[in-house]
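A single chain, nothing else alongside it, follows as structure tokens in the form predicted on its own.
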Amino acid sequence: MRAYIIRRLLLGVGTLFILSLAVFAMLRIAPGDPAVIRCGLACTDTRIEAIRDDMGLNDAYHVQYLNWLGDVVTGDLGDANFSGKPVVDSLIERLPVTLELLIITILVTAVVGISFGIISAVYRNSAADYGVRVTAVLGLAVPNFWVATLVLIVPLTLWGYAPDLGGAVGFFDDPLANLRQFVPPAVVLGLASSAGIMRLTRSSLLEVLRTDYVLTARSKGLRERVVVGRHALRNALIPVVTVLGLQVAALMGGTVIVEQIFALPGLGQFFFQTLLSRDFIVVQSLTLYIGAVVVLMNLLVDICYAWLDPRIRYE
């Protein structure tokens, strides 16, 4: 297992290196000059050139790339264009908001998706099964930003209620206000992902329920709850765990839109603001950090396989 983890970490480093090259190149190809955005449209050419020198944009591309990698490793990412604050301080300040949003979203995704997927599989072709399947299709078809807009507009129109916007209340400061603020965007963010988990759990569990060892367990007179929970579910959850791990990357991207709509001061909103201001260093660094999270999540998913199925061994 140790050798396998080391090999996967080395492979992850190679993947992040390729990702860093791709992000660096794409941002340079995209139109727009960060120096002009920082200085303003009425800025003189002399001032723009001075800003470009200060930002290192006049250096050769390989020099810019190596300097950026050094900053990423040391954690010195400079100041953000749109706020003037140190980037590291902004990341530390905003990380708890996005982290709490992701944790609640993953919980909603796992609990709703797996629970309703089990119900749909156990009661196949029943009214409950058809209801879960229709709900899953709707969840996959409806865009998150549209649902988020309805979550804000409908309660405000009908009952005059809207969640607190423009800040984040700490959980330990006011747990109830914190949940009122974070649960609606988490439900919106987890709508499509939980729908996918429902469908996958249903299909995977139905496949396992047809296997010989499950039929043998039923023939011994075991209760259906024992057959499903103890014998079938663990094997059926292997592909589900894979998709849940990959959902982290998708959810990180989804926070960019949801945090902007609900005015949550998290990493997603910060990424959106830095992208608009063409802040190369911040966008590159955030993308690389998200890539590192995805690599680690894939490794954790593979390790969880051995716990779910003792027959799996890594050499």
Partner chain sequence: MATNEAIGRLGGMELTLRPRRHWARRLLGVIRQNPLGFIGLLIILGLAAVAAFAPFIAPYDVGDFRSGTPREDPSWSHLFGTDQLGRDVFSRVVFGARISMTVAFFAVILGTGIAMVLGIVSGYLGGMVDNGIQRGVDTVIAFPQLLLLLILAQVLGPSMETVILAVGLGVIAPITRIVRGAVLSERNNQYVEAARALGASTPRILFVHIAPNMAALAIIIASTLFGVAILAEASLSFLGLGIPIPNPSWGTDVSLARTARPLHIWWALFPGLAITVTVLGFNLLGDALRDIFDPRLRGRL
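Positions refer to the first chain, counted from 1. Worth saying up front: this structure is predicted, and the values here are computed from it rather than measured.
As for the form predicted in complex with the partner chain, it is not shown, yet the points below apply to it.
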- Query: Here the chain is shown alone; which of Leu99, Leu156, Val73, Leu215 has a heavy atom within 4.5 Å of the partner chain in the model of the complex?
  - Reply: Leu156
- Residue (of Leu57, Cys39, Val256, Ala50) lying close to the partner chain in the model of the complex, criterion heavy atoms within 4.5 Å: Val256
- Given the partner chain in the model of the complex, answer whether the residues Pro143, Thr149 and Ile261 all have a heavy atom inside 4.5 Å of it. yes
- Counting only non-hydrogen atoms, the one stretch of 135-143, 101-109, 226-234, 169-177 within 4.5 angstroms of the partner chain in the model of the complex is 135-143
- Query: Is there a non-hydrogen atom of Thr287 within 4.5 angstroms of a non-hydrogen atom of the partner chain in the model of the complex?
  - Reply: yes
- Tell me, yes or no, whether Cys43 is in contact with the partner chain in the model of the complex, where a contact means a heavy atom of each within 4.5 Å. no
- Wondering, does Trp68 line up within 4.5 Å of the partner chain in the model of the complex on heavy atoms? no
- Query: With the partner left out of view, is Arg94 within 4.5 angstroms of the partner chain in the model of the complex by any non-hydrogen atom?
  - Reply: no
- Go through 185-200 residue by residue and record those having a heavy atom within 4.5 Å of the partner chain in the model of the complex; state none if no residue qualifies. Arg199
